[in-house]
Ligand code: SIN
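Encoded as structure tokens, the following chain is the form predicted on its own, with no partner shown.
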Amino acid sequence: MQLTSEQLAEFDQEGWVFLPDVFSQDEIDVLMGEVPKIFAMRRDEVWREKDGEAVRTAFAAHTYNEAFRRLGAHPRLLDPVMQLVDGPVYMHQFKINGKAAFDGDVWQWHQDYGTWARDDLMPEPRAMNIALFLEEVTEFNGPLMFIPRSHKAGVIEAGHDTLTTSYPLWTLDKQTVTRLAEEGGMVAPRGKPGSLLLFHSNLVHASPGNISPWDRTIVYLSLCHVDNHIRQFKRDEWIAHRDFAPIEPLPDDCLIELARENATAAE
């Protein structure tokens, strides 16, 4: 799957692109069928909210779940990112972010590359997130919020917030966010399961808490050009991966094929 010239221009100008209906409901069903099993695991990779129960994020699920292993090498995710970073990519980070109904906490205002540069010594922002909606994202259940064109500001000064939520993050102060929002406005892309979001690693973003009765689950692939791999290894390997080999895309029907395999095994 390749981005059009119009989508490439939009990404360059705004810092993000939204692509609806990229994955079918059958493919989403394969993935969502695995999410409760993963979220029930008591392992280091499954990070919970301060209540100790609601899952905030499940890191590295592609290393211990077959459906998400296949998603991590899916051509519909890899191809547009390789197009944008101009070359082969490796998996810097993989996470399933749960925003549990009533209990999903905020993600503070931040830039992803700011964290990757400070914590992992990633040389340049030749990396980005591509996010797949596994459940419908609405204005009520904690949608991702962007400040358009904020990626043009480069890496912005940030403080290391270890107190607000259960997960430490390099966050921007209120004055900076206010100034950027006055310049660029704010958007909160919403859409059905199967929709994709691509956004620049310097784009300022956040998400509010979810006090609605509807869960919101999104899976993120943080893909980095293989020449731009990290140089510092202070974070756990399941947070910042060490395998810098180029990802080889799987066939486009790999998730549907897994559904067929599972159905055959169940007979």
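Throughout, we count residues from 1 along the sequence that is shown. Just so you know, these numbers come straight off a predicted model, no measurement behind them.
Another form, the form predicted in complex with succinic acid (SIN), is not on view; read the next lines as being about it.
Note on the partner interface in the predicted complex: the residue among H110, R76, R126, R149 having a heavy atom within 4.5 angstroms of succinic acid (SIN) is H110.
Of the residues S207, N65, N228, N202, just one reaches succinic acid (SIN) in the predicted complex with a heavy atom at 4.5 Å or closer; this is S207. Proximity of L144 to succinic acid (SIN) in the predicted complex: non-hydrogen atoms within 4.5 Å are present.
Although the partner is absent here, F39 sits far enough away that none of its heavy atoms falls within 4.5 Å of succinic acid (SIN) in the predicted complex. For the chain shown alone, S195 is not a contact residue for succinic acid (SIN) in the predicted complex, no non-hydrogen atom being within 4.5 angstroms. Taking the partner from elsewhere, T115 is found to have every heavy atom lying beyond 4.5 Å of succinic acid (SIN) in the predicted complex. In short, of 177-185, 92-100, 151-159, 76-84 it is 92-100 that has heavy atoms within 4.5 Å of succinic acid (SIN) in the predicted complex. Of all the residues from 211-230, those having a non-hydrogen atom no more than 4.5 Å from succinic acid (SIN) in the predicted complex are R216, Y220.
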